[in-house]
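Just one chain follows, in the form predicted alone, and it is written as structure tokens.
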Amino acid sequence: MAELKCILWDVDGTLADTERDGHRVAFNMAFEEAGLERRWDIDTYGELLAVTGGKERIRFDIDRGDMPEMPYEDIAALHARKTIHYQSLIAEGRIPLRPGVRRLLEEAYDADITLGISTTTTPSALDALIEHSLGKEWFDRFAVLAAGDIVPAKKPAPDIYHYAMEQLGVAAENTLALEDSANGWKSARAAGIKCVVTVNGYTREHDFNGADLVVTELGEPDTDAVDVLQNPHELECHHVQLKHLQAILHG
């Protein structure tokens, strides 16, 4: 029976609904600023989320002929401007945490469970979200902030999870991942980590066959019960609590 010692959180779509009204909007602002005619609407961005990484999404859009050809240096510069716009959106309070995130983070922190971040988002974007949506104290409460290009292969590769666990000195059997997408869940699974998925509008129809728990959100005690989409452990999840996560590892 494994003991829960560590929880590793994805960021985009998991800590906050950052994609539709955050990253997508920021990309379009950067495109306009650069004099490009391309704009990513909601449906197009949903398709592009199958590609992990912002620079990689731009490259994919170029390769399929929807944006003009440009060298990697220009892609990187465009993405850097996008990140600046994204940070401004966060600072304006336009990207709040998802329901139940702060509650569950604080519950785990108070229980002395190690908390970390495992994400493909850029470190500067992560820093902005922590500062403006969680609070500066969480820079110290997260034991590792594994983000961006710190590993060579992005999700669904397991590299970011392997890196985080190595930095923390924790074993996969004592670690749980919180994700929102099929690529994120596959990354955790490939690292040997059990995973709870909180879907969003972009990922609800993803294939999570084999995931340990799939819910619409983490939920709050004073709101309606969360919609449990997949629950092989038959846990009662009126809202997801630390005891539910511990039960998953107990098997």
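Keep in mind that what you see is a predicted model, and the values were worked out from it rather than measured. From 1 onward, residues are counted along the sequence shown.
The form predicted together with xylulose-1,5-bisphosphate is left out here; the points below concern that form.
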For this chain shown on its own, do D12, L49 and H79 all sit within 4.5 Å of xylulose-1,5-bisphosphate in the predicted bound form, going by heavy atoms?
-> yes
Looking in the predicted bound form, any heavy atom of F27 within 4.5 Å of xylulose-1,5-bisphosphate?
-> yes
Quick one: is T120 in contact with xylulose-1,5-bisphosphate in the predicted bound form, heavy atoms, 4.5 Å cut-off?
-> yes
Applying a 4.5 Å heavy atom distance criterion, does F60 contact xylulose-1,5-bisphosphate in the predicted bound form?
-> no
Heavy atoms within 4.5 Å of xylulose-1,5-bisphosphate in the predicted bound form: does G53 have any?
-> yes
Testing 67-75, 166-174, 98-106, 120-128 against xylulose-1,5-bisphosphate in the predicted bound form with a 4.5 Å heavy atom criterion leaves exactly one stretch, namely 120-128
May I ask you to list the residues of 178-209 that have any heavy atom within 4.5 angstroms of xylulose-1,5-bisphosphate in the predicted bound form, in sequence order?
-> D180
